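Before any questions on binding or motion, here is one chain by itself as structure tokens, the form predicted on its own.
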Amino acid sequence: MPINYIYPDYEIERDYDKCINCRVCERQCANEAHAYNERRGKMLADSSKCVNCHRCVSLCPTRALKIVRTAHTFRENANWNGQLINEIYKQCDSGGVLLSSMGNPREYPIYFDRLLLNASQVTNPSIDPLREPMETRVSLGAKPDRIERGADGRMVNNLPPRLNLSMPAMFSAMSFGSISYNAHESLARAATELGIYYNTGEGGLHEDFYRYGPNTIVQVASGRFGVHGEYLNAGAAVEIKMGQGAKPGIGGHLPGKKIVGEVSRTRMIPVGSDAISPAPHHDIYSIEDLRQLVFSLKEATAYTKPVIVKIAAVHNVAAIASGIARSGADIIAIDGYRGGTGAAPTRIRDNVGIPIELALAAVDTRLRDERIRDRVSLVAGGSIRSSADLVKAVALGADACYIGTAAVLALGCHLCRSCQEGKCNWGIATQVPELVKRLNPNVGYRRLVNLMNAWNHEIKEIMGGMGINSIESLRGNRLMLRGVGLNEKELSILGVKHAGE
């Protein structure tokens, strides 16, 4: 075989006793992995084109298909596995940077899985959430230093602009262009019905979605795509994206093939041109520069909207957050190294950044030590996979969490990790009209609402088991956590005791 031949990771298996040659798989596969052979009178498959999206498996009427991991292997060892060998071959052919989608798949520790939650028994009774009120509402933004009262003795409302959520969760940034119109509509409608927020990402806001402004966070990234006065004032908050967990320290890149029609107009760039965000904001090289942009955005929105600064979780994240808290920002969003994305350099995605659990705990501790914790709210992101992860994040210090990959899974994503190709068979990460329409917003938004309602119910159950009746009482309450299989340094950074203590 040629030196550059790479055997496919997955193979399509077809049960010909069940296959009726209906050709549904052929019509549904945007990667053209299936084809009908007229001469042989049967369906054939090219496994090298399969991305394991499960579209054909899901829609096959006779259940004749399944995707299996290939048994082909290299002579691997502990140092060189098949993936590394294949990646070397790919770069030898292309001379280019490897791109990957979604989150970091490496087998690094997942600290959420090594943290257990406490439960009340006798001395501190548990609470039944079905019979007693449980408060999961959250208010994000800076808190005033003191209570002010008027001449009549009544409290004066001196709260700065805030985001009020029905539960401690929001849909994280996914730009129009990286995901489809229908996906954005699903997120916007779900956020509105749930009483939470969704984030536009760095691609501007389609004019059809301005009506969802009260539940929208508009983002300002280094490329400034789609940023103008009307856009800034359309949302409930403005987020400055300094970095993201999937690719800390580098910019963004949306391929020109996704810059079509409405995407081009919304981003205010020519059709077919690559949307490249530079690594730094070219007007931000210090905390003082960041402060200038924070207050420029507050001026542009007449001081009516909170400003969020989003950063990637990196080794000095606590010091960075301390500076941001003093910059005038109202909310800090921290994105861990397992955060998803439509496309990132593989080496960056898999090797740069730190876990959100450690970053969050370090930031919360530092801000408390410096007595400035109430100046900002903290939002954690980067693979919040379940309500249990969310509860643990709150106990580590988060006020709320960004939900990204879990949200696109709710829309139908099967984590085939080929978003960068723009051929999403589920109508999410694509701009191809025939594929976009496969995602019905009426169905998509309802699935998102169901997921978040289920999580909210589970959050109340978990809190009730702890004997806690409000999210505010759980925030930063690390006594509710215990570690399993962690060393002393990890326990120290997380600020938790080992199980059994």
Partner chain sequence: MKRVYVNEQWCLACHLCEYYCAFANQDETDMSTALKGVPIRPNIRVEQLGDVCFAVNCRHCDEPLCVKGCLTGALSVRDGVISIDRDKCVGCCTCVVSCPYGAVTPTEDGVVQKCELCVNTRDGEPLCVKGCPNAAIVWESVVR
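Values in this document were obtained by computation on a predicted structure and should not be read as measured data. Numbering follows the first chain given and starts at 1.
What comes next is about the form predicted together with the partner chain, which is not displayed.
Residue-level contacts in the model of the complex: of 68, 454, 59, 35, one residue has a heavy atom within 4.5 Å of the partner chain, and it is 59.
439 is the sole member of 471, 448, 439, 30 with a non-hydrogen atom within 4.5 Å of the partner chain in the model of the complex. Partner contacts here mean any heavy atom within 4.5 Å of the partner chain in the model of the complex, and among 440-448, 456-464, 43-51, 472-480 they occur only in 440-448. Taking non-hydrogen atoms only, residue 383 never approaches the partner chain to within 4.5 angstroms in the model of the complex. In the model of the complex, residue 21 approaches the partner chain with a heavy atom inside 4.5 Å. The partner chain in the model of the complex comes within 4.5 Å of a heavy atom belonging to residue 182.
Using a 4.5 angstroms limit between non-hydrogen atoms, residue 17 touches the partner chain in the model of the complex.
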